[in-house]
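There is one chain below, alone, in C-alpha cells, taken in the form predicted alone.
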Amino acid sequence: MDDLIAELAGVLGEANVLVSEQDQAPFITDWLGKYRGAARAVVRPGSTADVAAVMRICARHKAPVVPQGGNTSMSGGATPDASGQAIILSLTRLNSIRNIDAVGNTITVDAGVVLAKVQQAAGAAGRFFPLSLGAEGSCTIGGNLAANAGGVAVLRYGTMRELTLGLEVVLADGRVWDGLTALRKDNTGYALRDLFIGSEGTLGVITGAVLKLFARPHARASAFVAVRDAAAALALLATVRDRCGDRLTAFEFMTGECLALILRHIGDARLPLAATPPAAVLIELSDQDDEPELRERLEAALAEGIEAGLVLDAAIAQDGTQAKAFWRIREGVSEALVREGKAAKHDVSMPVSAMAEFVAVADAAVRRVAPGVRPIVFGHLGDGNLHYNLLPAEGQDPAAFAAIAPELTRIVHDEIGRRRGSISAEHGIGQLRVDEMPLRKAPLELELMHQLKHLLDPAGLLNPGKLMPAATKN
C-alpha cells in the first residue's frame, strides 16, 4: 500500500478506500458506456470533514481528484482519464436530509442525496421540489448542481441555479466554504454560489446545499397536441402563456420522426391521437387547487390555437392515469434512441424565437452532407433547449456514419453559434465537448475562466480534462 492510499485509509478506513479492479468497476465507466477510465483508488467519505481531509491529503500528494455523485453524467464529466493516477471521490455516503424549513420553504441536504429522496422528503413535509429528471432515482444533488441540471419544469421553476439558495463547498486545498445560507436577499459581495454551480467539479467539491421548496401543486391539466412544425409550436406556446400565465409548467416538443421512433421501440407508449402528426407538444399546467378551472384554461388556449390554424389535433387528459400515459411518450425518447442505435447527440440552447428557424436550417444542412440522415428532435421548447439527435440513414454502415458524425456536429454547432446559443444546455461539457470550448467561447471569456480555475485550483487537481483542459495546464 503506497503512502497516499495508506493516508486515505487512515482517515476513512480501508473499507472506504477501494483499490481492487472489481470494487472500482462501477465507478470508472460512465452510465452510457461511452467513457472508461482508471483510478488509483475510489474513496467514499462519510462527511464534509472527511471530504476536506481527502482533499488535503490529495493536495499534498498532488493527486488528481474526480468528484462523482450518481455517475449519471451525459458527457463523461464524472469519469477519470486512463492514466490511473486519479482518486475518484464518491459522495454517495453523504446522503442525509439535514433540515426542512416548511415556513421558509427550504430543504438543506448533503450532496450525495439522490434527487428522488429530496422530492419525497419535500412531499412528506407538504412541500414540492420541482426538479424532475429521467435519472432522478440515481442522480444526486451534488451532480445536479455541478451540471446545473434543468429537466422538464425549468419553464416555471428554473434550473438548479435558480433552485439553490446556499452551498457548502470543499476547496482544492481542503478548506471548507460554509455558504449554507437560506437567504433570498444578500447583496454583500460576489455570488460565489453561482460560480460553483455548473462548474462540473473543477473549482471545488460541493458537499451540501440549501434548496428552495414550493407549495405542492394539487391540480394539473395535461394535453398532447398535434402541430405542423416547430414554428406552429412556438406560436402555440405564446398563446398558452397568454391564457395560462405562470401555471404553464412544461411545454415539450417532439417531431413526428421522434414519435415514430418511440412507438417503434417503447411497447407501453400509446399515441393519444388518430395518427402520428408532423410534430407534437406535451403541455402541462399546474396550480394549487381547482383542477376543472385549470382544464378550462387549457381547453380555451387550445381552442384559440385551433382557430388560428396552429393545432391539428389534441387530447386532454381526463385523469392522472391519462396524463401519466402522455408523459410515458416523452420519457421514452432516450430509451428509443438507445434501442435504435448510435446517434450523434447534441444538447443545445438558443433564444426561443430562433428555434423554429434553427430546426429547419439544421435539418437541411445535415441532409446535404449526409443524405438520408434522420434528425430526431425533441426538448424543452419553452426554455430554448433542444436535443437535436441524428441517426444514420436506414441501412447505413455504423462505421461510415461515425466517420461523418464530427462534421455533422460542426454543422449543428455552427448554426447554434450563429444564433448566439450554447452547445451544452443541461448536460455539461465534461469530456464530450471539451475540445470545442476554444472554438465556441470568446478568448476573453476563456481567459477569465482560466484565471478563476488557477485561483481556486492552482495545481489543476480537480476533475482534470473536463470543461476546459487549458485551465489545468499551469
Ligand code: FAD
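Sequential numbering from 1, following the sequence displayed. From a predicted model like this one, the values you see are computed outputs, not experimental measurements.
Here the subject shifts to the form predicted together with the named molecule, a form of this protein not shown in this document.
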**Request:** Decide open or blocked for this chain: the named molecule is absent here, so superimpose its site C-alphas on those in the predicted bound form and check whether 3 or more ligand atoms come within 2.4 Å of a backbone or C-beta atom.
**Result:** open
**Request:** Please pick, from 179, 151, 272, 130, the one residue with any non-hydrogen atom lying within 4.5 angstroms of the named molecule in the predicted bound form.
**Result:** 151
**Prompt:** Looking at 343, 74, 356, 223, which is the one with a non-hydrogen atom within 4.5 Å of the named molecule in the predicted bound form?
**Reply:** 74
**Message:** Partner absent here, but in the predicted bound form, which of 313-321, 201-209, 277-285, 228-236 has residues with a heavy atom within 4.5 Å of the named molecule?
**Reply:** 201-209
**Prompt:** Does the named molecule get within 4.5 angstroms of any non-hydrogen atom of residue 249 in the predicted bound form?
**Reply:** no
**Asked** Is there a non-hydrogen atom of residue 155 within 4.5 angstroms of a non-hydrogen atom of the named molecule in the predicted bound form?
**Response** no
**Request:** Determine whether any heavy atom of residue 380 comes within 4.5 Å of a heavy atom of the named molecule in the predicted bound form, and answer yes or no.
**Result:** yes
**Message:** Residue-level contact is defined here as any heavy atom of the residue lying within 4.5 Å of the named molecule in the predicted bound form; does residue 427 satisfy this criterion?
**Reply:** yes
**Request:** Quick one: name the residues from 322-336 with any non-hydrogen atom within 4.5 angstroms of the named molecule in the predicted bound form.
**Result:** 334
